[in-house]
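Quick setup: one chain, the form predicted alone, written in structure tokens, and binding and motion questions come after.
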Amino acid sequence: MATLVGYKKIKTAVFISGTGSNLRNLIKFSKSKKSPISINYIISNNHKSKGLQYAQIFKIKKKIFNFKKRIVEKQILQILKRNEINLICLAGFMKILSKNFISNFEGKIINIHPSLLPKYKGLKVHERVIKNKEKFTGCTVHYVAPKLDSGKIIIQKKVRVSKRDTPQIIAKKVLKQEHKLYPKAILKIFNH
């Protein structure tokens, strides 16, 4: 990705489905001086997503879409273009974007995944980590490609797994690292 021109921040949309803790963290990061991004839009597939409250708190435009409808991605692309969005951050977004959508934003969609990719793509990551008696897990920020969780890796962080860990404990440990890793990945992309 290109480096920043002058001081203008890169307009960013965050796609969420759940609590929005990574969204909140990205908003906080976007307000720091060193951040190359500004969060200008929040898109969700879940009207019950707790993360939507941050749209109100931080006065960010938001839109909720029913992803069962085919036309949805076309509408989202129009909104993103209208709002001059140049980066999409997926943060706990539980829908798979189409090849067509991804090609419209080639190299400009990133995702955070709660494992050390290429291991444990998809869902139920922490349960699989325990089942396979892994000593480490972690999180990965990667570019989004048409194949699930298989885009180019930007940055990763290891997290130790102890024998007593439950999926919930691992989830908490990993999430703590996700909050540090996502901003680091963005700084790395824009060479800051």
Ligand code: GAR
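Don't overthink the numbering: it's just position in the shown sequence, from 1. For clarity, every value in this text was computed on a predicted model and none was experimentally measured.
Keep in mind that the form predicted together with the named molecule is not shown, yet the notes after this line are about it.
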property: Contact label in the model of the complex: residue 181 to the named molecule, heavy atom within 4.5 Å; result: no
property: Any non-hydrogen atom of residue 94 within 4.5 angstroms of the named molecule in the model of the complex; result: yes
property: Exercise: residue 175 in contact with the named molecule in the model of the complex, heavy atom 4.5 Å; result: yes
property: The named molecule contact at residue 12 in the model of the complex, heavy atom, 4.5 Å; result: no
property: Residues of stretch 104-118 in contact with the named molecule in the model of the complex (4.5 Å, non-hydrogen atom); result: 112, 113, 114
